[in-house]
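Read on for two forms of one protein chain; each stands alone as structure tokens, with the labels structure 1 and structure 2.
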Structure 1
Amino acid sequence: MLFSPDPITILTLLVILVVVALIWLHHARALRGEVRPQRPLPAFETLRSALGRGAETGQAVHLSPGASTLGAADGSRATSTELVAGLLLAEQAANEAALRGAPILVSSGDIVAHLALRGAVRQAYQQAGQAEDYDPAGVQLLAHHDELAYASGVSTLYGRQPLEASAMIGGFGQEFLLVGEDGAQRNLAQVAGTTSSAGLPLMILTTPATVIGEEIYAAEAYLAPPGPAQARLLTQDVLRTAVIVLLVVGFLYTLIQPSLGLPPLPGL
């Protein structure tokens, strides 16, 4: 009996092939310098400047993806994707810190994120040829699955040692007020970002350098050198545009379908 693949399977494979092809295409364009300049996001320039000053002053830059978890029990995809965005930002910031010789202090509120951060920071120092400068004590687990306890731990870090800046991008909610207000009172340069409707207003109130909403998913591309990070960002933009176009076309089709006697679209 001949193999008869499911149409959904074929469509899924085609989408995967298109995504891979787009990433390769954009990667090649990024390496050739054919990518248009990214629109300025001052928050990331603040972080880059802080890493440069930290290399001169010896004061650490604090990096945090928040206290969110991968595969949260509440099934929140936003929480997981925010955490991944924060991990990628911390990895790129660690790469730049290792190259510049700037000290960093990384904290998290989830054991899985903590292990991922330890591996990413260690790898960053190894790739920069500064493996002897990697300090495991610089990657700290302040709490586990307790946002308020984690925020209290970050506030304690602020009072324990002078910091050049603090970059908190990832899964944050109302607990950010405790951290953000403490940093504001200490005149600490803070960079913050989340997609949470509970945490974002508090960031805007306490942190001038705020990354708003989906901008956090572009953080890696803004800090990384031209290459894979920019290719992924450009591919995401293309796919987002394609989805929006499909939604608009589907909506218009449902409007004219009854009057023209057209067949209904599956699932609509």
Structure 2
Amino acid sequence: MLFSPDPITILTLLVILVVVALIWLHHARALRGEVRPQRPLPAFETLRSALGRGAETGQAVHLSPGASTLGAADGSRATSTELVAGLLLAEQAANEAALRGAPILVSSGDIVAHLALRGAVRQAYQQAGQAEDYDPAGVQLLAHHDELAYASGVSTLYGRQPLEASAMIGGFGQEFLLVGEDGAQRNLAQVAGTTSSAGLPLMILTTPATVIGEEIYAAEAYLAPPGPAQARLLTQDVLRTAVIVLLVVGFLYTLIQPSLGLPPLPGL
């Protein structure tokens, strides 16, 4: 049989269809320029100004999605969507760098991420009309599925050449401390972000410009000019509002349910 769904599957598919419709709607709105002003996130301003300074000083800006990996069929830490966020940021930052003439250095800790980064950065230079400025040596694979080895590699990069800034947005855990503290001791401007609860406190300790949780998925939109990149923010805002409403309604229902003799919510 091609399709043998249960009610939960049908509900999941309906939710996916609604979100797909929202994504399309918001993309069309963003193309028409109907985007709301964004709340300020100083971390991305730090990265933008570092790219500007890099064009003047000639010092590279380091970009990294961390040791994010694609898929986790072997049970390892799944950071595929964090990697996508890191890739989109690297692409957008490379675009800005190409337009401004600022050098960049991109590193990764997963072979598939490395190949995707090479493509994304080269594509960004091509889109900016600066294909001849693309340097494949500027996209480096430092490790593969080994967070500690990757962190050691980034520390080596910090020591090997003076950098203007380092933007590390993606899948980072406790290994971030090895890199973040090293960068802080070198007075390097760092922008860090992840969704991992193990990595976030260490980022806040070492890096004033920290991007927290879902904000990493907004990174590209904050660097890009107004347009399609902002559509993702619109969809996320709608979904976040829906989840908050659901939580509040669920909470109120749970409060009044015993006194009114209503059926309990599933799973409670």
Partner chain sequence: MSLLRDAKRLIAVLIAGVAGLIVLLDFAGAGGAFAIFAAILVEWAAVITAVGLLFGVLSVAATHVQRIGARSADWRYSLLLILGMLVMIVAGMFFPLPGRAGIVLPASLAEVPIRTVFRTLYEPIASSLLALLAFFSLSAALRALGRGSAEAAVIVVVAMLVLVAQLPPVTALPAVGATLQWLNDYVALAGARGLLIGAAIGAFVAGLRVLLGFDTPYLDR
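For clarity, a rigid core is taken as the largest C-alpha set superposing within 1.5 Å between two forms. In this text the structure is predicted, and so the values were computed from the model without any measurement. All residue numbers here refer to structure 1's sequence, counted from 1.
Between the two copies of this chain, it is structure 2 that is the form predicted together with its partner chain.
With the core held fixed, residue 212 shows a CA shift below 2 Å between the two structures. Core-superposed comparison between the two structures: CA of residue 29 displaced by 2 Å or more. Overlaying the rigid core between the two structures leaves the Cα of residue 239 displaced by 3.0 angstrom.
For residue 254, the CA shift between the two structures after superposing the rigid core equals 7.3 Å.
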